[in-house]
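Below you'll find only one chain, the form predicted alone, shown as structure tokens.
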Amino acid sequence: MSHFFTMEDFQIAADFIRKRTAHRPKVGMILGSGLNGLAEAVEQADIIPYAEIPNYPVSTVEGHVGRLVIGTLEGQEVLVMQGRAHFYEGYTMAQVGFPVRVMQVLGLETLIVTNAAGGLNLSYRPGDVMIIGDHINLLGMAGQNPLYGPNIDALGPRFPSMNGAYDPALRAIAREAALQAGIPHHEGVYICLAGPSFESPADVRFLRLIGADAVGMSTVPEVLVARHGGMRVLGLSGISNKLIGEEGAPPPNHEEVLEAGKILVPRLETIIRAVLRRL
């Protein structure tokens, strides 16, 4: 496989999906670790395993089912990714961004992206929701950017701005929904690291120092691709654990991430349903 995809590659995958569903969604959703349960709310669903879609990256991580669920939710037609591919699984950034490109070719206009994240901000608690207000693209600063390589002008500009990457109007709806439902929430800065190792205590102190509120191993590459193509983005982090940044603190682990998902799924579902109703 070449390092980069062509417009034809995206079209082939999009055509494959179109043939498998009568739905014509305008809203895409990417569900993170332990957050698969959200897809079960989708009605009249057509289900397509990633492995069947040409060039589509397949999730290999526990807590990521690895299939598209296309149907309706709150009267909106939605395309839901039940699980995602990560850079640490061995995928290139172009592969990590591939599903969002396919969404664009399918005509989707809005992307709701969720993840499980470690809380760096000391006021955050496991089970809290963080509405992403901005991100720090540490991976991209280090040269791993899904927009690296030839630019396809039909999809977006060579040098896209990341100002206002997380749509202010969608964030306002999410805040209002969280307030009304009594969901503990914050608005903050998400930072993306490569993983798969968790952060050392010194990493945690550094990340907090540079202004990050929550840390994870996904989301930012997908948002870069979505914004490059002009999609509106809402990002929601489920805080799965609290990172102290001290030697004796209990180490983070994937089990607690999946466990926190059980609390977070209904909370995120409440917020996402409210956003879909208002779209």
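Quantities reported herein were computed from a predicted structural model and do not represent experimental measurements. Sequential numbering from 1, following the sequence displayed.
Missing here is the form predicted in complex with ligand HPA; even so, the following discussion is about that form.
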ask   = Is there a non-hydrogen atom of residue 36 within 4.5 angstroms of a non-hydrogen atom of ligand HPA in the model of the complex?
value = no
ask   = Hey, in the model of the complex, does residue 66 get a heavy atom within 4.5 angstroms of ligand HPA?
value = no
Any non-hydrogen atom of residue 198 within 4.5 angstroms of ligand HPA in the model of the complex = yes
query = Any chance residue 216 has a heavy atom within 4.5 Å of ligand HPA in the model of the complex?
reply = yes
task = Would you mind picking the one in 234, 31, 220, 243 that has a heavy atom within 4.5 Å of ligand HPA in the model of the complex?
result = 243
note = Residue within 4.5 Å of ligand HPA in the model of the complex by heavy atom, from 54, 49, 211, 252, is 252
query = Looking at 113-121, 76-84, 135-143, 94-102, which lies within 4.5 angstroms of ligand HPA in the model of the complex, counting heavy atoms?
reply = 113-121
